[in-house]
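The chain below stands alone, shown as structure tokens; this is the form predicted on its own.
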């Protein structure tokens, strides 16, 4: 028999104590959503079922005890740390869920500068960690725009990527080892070694699981030398996204590794670079590392760009200033909420990826369909921000006026249909429907189309590690109706 709401809270209090079990209504409302439903948050209208409680664990053992209690009683658990999710992964879609927050597990456990890695608990702030390392001449080299908010457990769980990924890779390239708790309370540890060939790489069962398989309690990641004095910034305006993609491809194929390689279309370029874009595309690079490598890389990238007559160089200081102000923090989020309330204009993003031979087609098809099919669009554009030997990503940005709707209708009139167009066009072209924000609960409709025959592997992992289905229901794997 299922436990009542009151019985769930009573059981949690027995495990953790009353000070770690929060049932305040406002906290529960704010914890029922993430930034996917930011218009509901602006309006103070919350449409998702309220969780029974938000609980704050302070140790791996407490995480294990809560998960075992939930597993024994079939209670949905929504794992959480930094709360910067954007795809509905933190939504509590079923009644009497429990939000299990690890943000108080915030100890940096070991900085090993000889073996070049750092170990910390899941609730350690990425910005706090990186600031501490930089004071010692090191860095995680992981720098998503959410850096001031994000915490290490969530970054690994969502397969995060940072602005410097073209050189350093995504979080999956940085993780060395982990400690994880599975829903039956089993605590597992993957040891810290540079590489091993002892069967499948089981780190990747955990990295990117979005809380749908397990709870990440501790992570070890690589660290790198920090040499900001060697950073070189390059910026160009150009007429065509097609040319821009060709330049990005040539830079990658020739083996150069800028830490930042970005291409903005005219609409997105106007948003970020209005002081010089003037209706053109914008191409941006940053190179870093040892001085000699940075200088040679910058010179060779400039040689590649100069083969295209339409590219005009801009002052590198403008690019440096833009990059230094790119991250969003609590102040910027508060300003965004005020702006939405005042203007009734709201913006979201959807990011996808594709090989070089299809990425321009994906870009054109998505932009054209959104402009034609979605009412009240005020901006539709995007940029490529993470490139690889075989392709790149496309990060679409779109804004629309909220016309004669309730907060609940914003999702169905605008947000869902735009997401649908971008996902459908990307999958049709052979790309991936998610590059780095995660599937969450709002791209699960297409998960079988994304995986095709390999969906068998994903589904089998879920059945094996979460047979009672208590981990973050509706995330990655859709809820069966």
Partner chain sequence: MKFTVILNGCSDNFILQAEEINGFLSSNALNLSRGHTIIFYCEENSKIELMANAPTASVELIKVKRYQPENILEILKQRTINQQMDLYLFASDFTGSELSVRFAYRIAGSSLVAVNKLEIEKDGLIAYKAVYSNHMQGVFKLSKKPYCISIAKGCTDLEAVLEKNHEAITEDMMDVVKDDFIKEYDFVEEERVSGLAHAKFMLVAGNGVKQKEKVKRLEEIAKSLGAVLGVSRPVATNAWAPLNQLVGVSGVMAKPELCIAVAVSGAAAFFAGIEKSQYIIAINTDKGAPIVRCADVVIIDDYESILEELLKIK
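Numbering follows the first chain given and starts at 1. Predicted model only: the values in this text are computed from it and were never measured.
Not on display, but discussed next: the form predicted in complex with its partner chain.
Chemist: Quick check for you: of 196-204, 244-252, 323-331, 386-394, which stretch puts a non-hydrogen atom within 4.5 Å of its partner chain in the predicted complex?
Modeler: This holds for exactly one stretch, 323-331.
Chemist: 225, 107, 222, 83: which sits within 4.5 Å of its partner chain in the predicted complex by any heavy atom?
Modeler: Here the answer is residue option 83.
Chemist: Which one of 414, 46, 36, 56 is close to its partner chain in the predicted complex, taking close to mean a heavy atom within 4.5 Å?
Modeler: Filtering the options by heavy-atom distance leaves 56.
Chemist: Answer with yes or no whether residue 447 is in contact with its partner chain in the predicted complex, where contact means some heavy atom within 4.5 Å.
Modeler: No.
Chemist: At the 4.5 Å heavy atom threshold, is residue 27 in contact with its partner chain in the predicted complex?
Modeler: Yes, contact at 4.5 Å.
Chemist: Is there any non-hydrogen atom of residue 10 lying within 4.5 Å of its partner chain in the predicted complex?
Modeler: Answer no; every heavy atom of residue 10 is more than 4.5 Å from its partner chain in the predicted complex.
Chemist: Taking heavy atoms and a 4.5 Å cut-off, does residue 461 contact its partner chain in the predicted complex?
Modeler: Result no; residue 461 lies far from its partner chain in the predicted complex.
Chemist: Taking only heavy atoms into account, state which residues of 6-24 are within 4.5 Å of its partner chain in the predicted complex, ordered by sequence.
Modeler: 19, 22, 24 sit within 4.5 Å of the partner.
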